[in-house]
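Shown next as C-alpha cells: one chain only, the form predicted alone.
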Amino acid sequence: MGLNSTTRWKWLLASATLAVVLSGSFSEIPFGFISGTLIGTLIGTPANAEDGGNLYNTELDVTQGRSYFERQCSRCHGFDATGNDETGAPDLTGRLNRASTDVGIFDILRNGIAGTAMLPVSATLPDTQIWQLVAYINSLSADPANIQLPGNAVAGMELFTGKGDCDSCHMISGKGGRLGSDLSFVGDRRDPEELVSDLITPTKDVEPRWWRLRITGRDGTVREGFRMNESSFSVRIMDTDENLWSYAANQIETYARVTDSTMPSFAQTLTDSEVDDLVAYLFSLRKEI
C-alpha cells in the first residue's frame, strides 16, 4: 500500500507548479551555528534587486543553485533543506515569513537580515549565482493550490479524531495530546508524499526532538520518555501517560537513547482511501495568508 500511495503522490507533485513561499524565521538560527550557511561579509551599502523577477530559473539554474546550497548552506539547513531542530536552522521547504517573491529572497541572501544570525552571502558572489540559489529555493516548495488530492478532507478530519485516534497524541489548534508534534500547520512543512510516509512508515525518519530516553534508576526501575530537560546534573523525561520524572545524575544506573517512533503504522489499519482522506485533511492545515 505504501509504495502505491507514494508513487501516486510523486506523480501529483511532479505535475504541480512550483512557487516561492518563504517559511520560518532566520532569527531562529543560533549564532554559533551559522558557519557554512548562507553567509558572507557585508561590505558597504546593502544592494537591493530590482523588482523584475528571476530570469535565471531554468532547470540548469536550479541545478547550479542546488550545488551552491549543498556546499555552503547544507551544514545547518541540511542537504534536503528541511532545517535542523538541534541547531535551530529553519526549514526552507515551506512558507517563510520574511519574503513572498523571488526579489525578496534575493535581497535576504544578498543583504542578510539585520539583528539576526542570517548574514549576507559573500559580497564577491555574482548576482547570477544568487538568482540561481533563489531558483533552487523556489523549487523546494509546491503551491498547494496546484496540487489536486484524491482524498476528502472532511472525511479525513473525522478519521483524525475517530478511527485513527490521532488526537490522542497530536494537537491541532490547542486541542489534543502532547506526545507527538503539533499538527496545526503541518501542511506548511510536509507535502502529501511526506505525509503518506509519516502514516505508513513513521519510524523511517524520526527527528531528534522525538527521540526518547530509557533510564534505569539505582533502584532498578526502568522508565522511558521524551527528553524534556537535561543538564550535567539532572535529566527530566515525560512518559506516554504524560507523567514527568526527574533524575539527579547520581540516581541513574543506565541511560539509553531510543530513536524509533512511538507512532504506529497505519499500513494495516487504514485503507488506501482512508489514507488519502487523512492526507487531504492534514495537508489542508496551513497558516492563512
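In case it trips you up, residue 1 is the first one in the sequence shown, and so on. For the two forms, the rigid core is made up of the largest set of C-alpha atoms that agree within 1.5 Å on superposition. Bear in mind that the values here come from a model prediction, so they are computed numbers and not experimental data.
Only in words, not in the display: the form predicted in complex with heme C, which the text now covers.
Heme C is not shown here, and in the predicted bound form it never comes within 4.5 Å of any heavy atom of Glu193. Heme C is not shown here, and in the predicted bound form it never comes within 4.5 Å of any heavy atom of Trp245.
Taking non-hydrogen atoms only, Thr262 approaches heme C to within 4.5 angstroms in the predicted bound form.
Using a 4.5 angstroms limit between non-hydrogen atoms, Arg214 is distant from heme C in the predicted bound form. Using a 4.5 Å cut-off on any heavy atom, the residues of 116 to 132 that reach heme C in the predicted bound form are, in sequence order, Thr116, Ala117, Met118, Val121. Once both forms are overlaid on the rigid core, the distance between the two CA positions of Asp198 between the shown form and the other one is under 2 angstroms. After superposition on the rigid core, the Cα of Asn152 moves by less than 2 Å between the shown form and the other one. Fitting the two forms on the rigid core leaves the C-alpha of Ser67 displaced by at least 2 angstroms between the shown form and the other one. Relative to this form, in the predicted bound form the C-alpha atoms of Ile105 and Glu207 approach one another by 3 angstroms or more. In contrast to the form presented, in the predicted bound form the C-alpha positions of Val103 and Arg189 draw closer by 3 Å or more.
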